[in-house]
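Only one chain is shown below, in C-alpha cells, and it's the form predicted alone.
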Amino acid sequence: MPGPVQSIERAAAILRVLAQGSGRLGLSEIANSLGLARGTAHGILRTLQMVGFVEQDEATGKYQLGAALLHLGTSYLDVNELRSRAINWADALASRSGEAVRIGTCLQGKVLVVHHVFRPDDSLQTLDVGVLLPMHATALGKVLLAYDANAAAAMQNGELEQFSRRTIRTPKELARALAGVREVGWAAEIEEITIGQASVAGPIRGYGGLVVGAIGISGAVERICDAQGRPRPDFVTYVRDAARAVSRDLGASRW
C-alpha cells in the first residue's frame, strides 16, 4: 500500500491550527506551531488560498479559514436540502398528530426554524419559518444541543434566559436534561417557553449519523401531554418515526 502524502498531511495540520485559533495567525506562528520551514508553510498556505480554503487579511498578512472550506462542511446538506428532504414527512407528521410541525437547525446559538407546517385545522396560526428560538427552552433546541458538544459547551458559559418558571435555569440542570435526551433519543418541552404550550422533537441525522437538524410537533399542553402531564407516547412515536424517515432520506441508514 502507498504511504501517506506528506504535503496533504501538512495542509491538514495547517487547517487544524487555523481552526483551533481564536483569530488570524501569521506565517511564523503557523510555521512554528508545526515545526515547518517558513518557505514550506508559505507554499502550502498559498495553495490553500488559491482553492479558497484559507484567506489572507490584506492589512495584516495573517491567515484564517476561508469561506470555501466552511461551506464544504455543510454543502452536502444546506438548509434548502434539509427542508426539501423533510417536507413530505413533515406534512405526514402534521396529519398524523393533528399538531403543528417545525424543523430546525443550529444558527449562532439559536434554533433556526427552516420549515413549519400549520396544525391541520381552521385555527389562526403564524408562520414561524426564519424565526430564531432559544435552544435551552425548546424541544428542537434540546435535541440539537444534546448532539452538538460545541453548542452545549457554549451554553455552559452564559446565563440561561428565563421565559417561565419551568425554564431550565442552570448549566448543571441543562447538562442533566441533555443527558436524558441522548438516553431516550427525543426531547420534550412543557411550558418552558410559553405558558400552555408543549412540544416534542427528535433528531434528524445525515451521513454517518451526524445530527443536522430536528423535527418536532408543538401545541397546547392538554393535547400534547397525557393526564399525568407527560408527552403522549403515541406522539413521541410519531415524531421519532418522522425523524428516522427524514434521516434515512439523508443517508443515515442506521436510522
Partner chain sequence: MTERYVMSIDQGTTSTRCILFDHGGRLVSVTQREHRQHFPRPGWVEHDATEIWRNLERIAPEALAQAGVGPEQVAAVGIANQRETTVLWDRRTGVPVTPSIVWQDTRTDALVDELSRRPDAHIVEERCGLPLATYFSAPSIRWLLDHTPGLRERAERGEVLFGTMESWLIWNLTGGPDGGVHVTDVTNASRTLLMDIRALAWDDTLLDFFGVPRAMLPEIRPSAETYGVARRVVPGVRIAAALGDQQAALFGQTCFARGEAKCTYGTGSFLLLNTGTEPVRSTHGLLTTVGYQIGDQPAAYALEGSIAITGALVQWFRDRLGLIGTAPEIETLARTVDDNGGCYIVPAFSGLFAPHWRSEARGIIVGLTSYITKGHLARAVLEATGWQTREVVDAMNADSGLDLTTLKVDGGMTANNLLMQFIADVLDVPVVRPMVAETVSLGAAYAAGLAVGYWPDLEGLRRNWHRAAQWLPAMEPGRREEEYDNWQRAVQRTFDWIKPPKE
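Positions refer to the first chain, counted from 1. Being a predicted model, the structure only gives us computed values, none of them experimental.
Although not depicted, the form predicted in complex with the partner chain is the subject of the following passage.
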property: Contact flag, residue 154 vs the partner chain in the model of the complex, heavy atom cut 4.5 Å; result: no
property: Residue 127 within 4.5 Å of the partner chain in the model of the complex, heavy atoms; result: yes
property: Any non-hydrogen atom of residue 171 within 4.5 angstroms of the partner chain in the model of the complex; result: no
property: The partner chain contact in the model of the complex: residue 166, any heavy atom under 4.5 Å; result: no
property: 4.5 Å heavy atom contact with the partner chain in the model of the complex for all of 109, 182 and 240; result: no
property: Interface stretch in the model of the complex with the partner chain - options 84-92, 154-162, 171-179, 141-149, non-hydrogen atom within 4.5 Å; result: 84-92
property: Within 4.5 Å of the partner chain in the model of the complex: residues from 235-249 (heavy atom criterion); result: 248
